[in-house]
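Next up is one chain by itself, shown in structure tokens, the form predicted on its own.
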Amino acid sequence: MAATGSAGMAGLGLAAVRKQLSQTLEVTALRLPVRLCNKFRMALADYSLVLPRTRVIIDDDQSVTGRRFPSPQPGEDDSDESAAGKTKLLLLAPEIDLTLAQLPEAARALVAEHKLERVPWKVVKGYELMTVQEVLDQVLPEGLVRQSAFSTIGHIAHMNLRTEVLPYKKLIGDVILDKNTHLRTVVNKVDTIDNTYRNFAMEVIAGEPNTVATVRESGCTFTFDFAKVYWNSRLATEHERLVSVFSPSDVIADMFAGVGPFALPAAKMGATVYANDLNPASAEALAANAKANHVDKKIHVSNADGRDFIRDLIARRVPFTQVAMNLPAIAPEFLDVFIHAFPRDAYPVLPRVHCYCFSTAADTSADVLARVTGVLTSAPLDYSISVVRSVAPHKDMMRISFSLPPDTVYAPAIADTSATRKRPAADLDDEAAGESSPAKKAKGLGGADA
């Protein structure tokens, strides 16, 4: 079928598109024993039906076990299925009718030799045999970029449509739902991510107006309102990768926890997790998910600014050993909270930090290291840098894992001034000038009496 690329068809609803793109094709089929399938497939290759994702030899609904055929000749299939008399149908090209007059004489003679039955057959081609992309190729106006890609969040298909295809968003969404029966809602992102709460504005373009999704990942179940929180199914591998670094003995501080893709699997493994998110909807979903996954005794949820969250843990001497910082747009900026923050006696071993960020630099690793060093004012120790995923041309999501530099993050020691606190500052000034405190006192008293 030739590409339509019709603006008129693009203005139709799904039912009309299905009807216009679907055609019933009447063809001739040859009923042949299984043992002859390969022979006739090759002999009639130039005269067989050609349709995308349509087999030229199909099962025969009227195949009768026990039907007798001549004994197989050398080179023919002598399998049990063939011996049982089962048959298949070889579909011929639409221009060949039941008389087979359109076949060359040698092909007709071969059919006659084996006394093959000719039967009419109907093949539905068009919409039902097309992918979403193929349907859009047929119905959208020429010159438009065909967008059919989407990510799946539970029952939701999430798209990021370009401006020029927005007039056709309803049809695009309907086709996606029609071709993916496990989906019930299609949403389109209409704005960039809000760095405050890490969610973005969206609109439902097809299906149910229901954005509360349930997702399974890393052995845990997550339920959340996708319109109010951040979730990215493409990060599933990275979630598992980082959690595999943790151990059951770890105490984890998750600064930007979202709905818990790091926190829940870590807690399920046995680790203790302090999980924080500034977004109230994320914190609420995180607490509910912890309870639903039976790890609420291992997860301590808070709803605070990331810096305040860390300061509170340190003030309470919570012995956290790992820090997750998954806010790639601005996470490195929050590293300043660690500078001179740790009392040495309470944290003889400093936590290891896992910080995510974006980089558009030619040398992404050097860029990430320079930015982290700049905020900490000292180079991180024992670091490793990895590319998580490419998010756009020349833009990568990165992770740097490192140990904090002690000289930068330990709080300065407080000098003991108890021996001088009882002595006035004036005494200390005179001592520096060479007079002892008793002499100063005598001199001072005398002068006062005069």
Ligand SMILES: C[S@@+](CC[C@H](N)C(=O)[O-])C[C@H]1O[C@@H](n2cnc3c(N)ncnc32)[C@H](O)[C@@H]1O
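In case it trips you up, residue 1 is the first one in the sequence shown, and so on. Keep in mind the model is a prediction, meaning the values are calculated, not measured.
The same protein also has a form predicted together with this ligand, omitted here; what follows describes it.
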item: Contacting member of 262, 150, 246, 274, with respect to this ligand in the predicted complex [4.5 Å, heavy atom]; value: 262
item: In the predicted complex, the one of 136, 96, 313, 255 near this ligand [non-hydrogen atom within 4.5 angstroms]; value: 255
item: Residue 103: touches this ligand in the predicted complex, heavy atom cutoff 4.5 angstroms; value: no
item: Partner proximity in the predicted complex: residue 279 to this ligand, non-hydrogen atom cutoff 4.5 Å; value: yes
item: Partner contact for residue 318 in the predicted complex: this ligand, 4.5 angstroms, heavy atom; value: no
item: Contact flag, residue 326 vs this ligand in the predicted complex, heavy atom cut 4.5 Å; value: yes
item: Stretch in contact, per heavy atom within 4.5 angstroms of this ligand in the predicted complex, of 304-312, 370-378, 117-125, 347-355; value: 304-312
